[in-house]
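As structure tokens, one chain now follows by itself in the form predicted on its own.
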Amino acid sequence: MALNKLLRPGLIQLRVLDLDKTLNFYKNILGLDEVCRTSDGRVCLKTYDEFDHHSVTLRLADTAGFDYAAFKVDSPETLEEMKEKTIKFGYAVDEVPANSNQPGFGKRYGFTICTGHRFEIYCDVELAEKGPQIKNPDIWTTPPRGMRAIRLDHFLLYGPNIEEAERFCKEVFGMYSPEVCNLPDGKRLATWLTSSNKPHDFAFVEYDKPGKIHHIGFYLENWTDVGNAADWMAIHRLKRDIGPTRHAITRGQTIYFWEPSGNRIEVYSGGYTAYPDNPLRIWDSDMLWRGLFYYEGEMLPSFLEIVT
């Protein structure tokens, strides 16, 4: 449940190298539904259990990676309030008209933060034509496919000056950090941020190149579904990074792999219940690998080094 006026990350737009092959992955392996296509060829998708119009947009490009993420807020008043707070914080804000480049979405405000990532905020979005039932609802209307992704859950971003980014998310978005990882000198190496009882809505890692994404996380119902995802990976020869395994950070059960365009995907279940009054969990940087890979307890170079 949301604990403040920023409800959740509601939309992410990704660059992909091969639209047909990558779209087949998102639809038939990860299990998303295609909602629509835009006039410039982008594809909008959602999971079977999401109410809003769509949550993922794929754009054909020469490089894979992150275009932007958009966050839903609770009201038009909050939207204007956060716009003004963002300007006061020091970031220039632009306006994206309703139903322009994201069908079904109302007016959005966009800005680029210190890590080089573009964020947007919005409050209005149409309900999906094909969404969960709301009158005497069954658990689903059509059987979930493939890995049975339930929702767009979180993402991990790499960029510089994450201490400022963390401060922005707390002061403007009203988020809090359940866990952090610090270098020996006390500076942030990584921070996990949430608006809700989830252990994270997204996270940052300090990195010298701006605007990078490490992974996009989709939520699964349970550990058995993580195993099912591993079966689908093996059947379709998807390149695995690590897992199935478990994090100590967030306590999530997880597997990481790459989709056909090279963006890293996590499918994830479990995790602890976070509250803003809980003590901050702090990891030393030399213990980060035990935090990330609780069962293995050792460094995996690809996990640190490969971003898009």
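Heads up: residue numbers just count along the shown sequence, starting at 1. Computed from a predicted structure; not experimentally measured.
Keep in mind that the form predicted in complex with another copy of the chain is missing from the display, and what follows is about it.
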| item | value |
| --- | --- |
| Heavy atom within 4.5 Å of another copy of the chain in the predicted bound form - the one residue of Arg37, Arg59, Arg281, Lys27 that qualifies | Arg281 |
| Contact assignment for another copy of the chain in the predicted bound form, among Ile121, Leu156, Leu193, Met233, heavy atom within 4.5 Å | Met233 |
| Segment that reaches another copy of the chain in the predicted bound form - one of 143-151, 99-107, 113-121, 86-94, heavy atoms within 4.5 Å | 143-151 |
| Site test, Asp33, Arg42 and Pro210 vs another copy of the chain in the predicted bound form, non-hydrogen atom cutoff 4.5 Å | no |
| Pro160: touches another copy of the chain in the predicted bound form, heavy atom cutoff 4.5 angstroms | no |
| Heavy atom of Asn4 within 4.5 Å of another copy of the chain in the predicted bound form | yes |
| Pro137: touches another copy of the chain in the predicted bound form, heavy atom cutoff 4.5 angstroms | yes |
| Contact flag, Tyr176 vs another copy of the chain in the predicted bound form, heavy atom cut 4.5 Å | yes |
| Within 4.5 Å of another copy of the chain in the predicted bound form: residues from 60-77 (heavy atom criterion) | Lys72 |
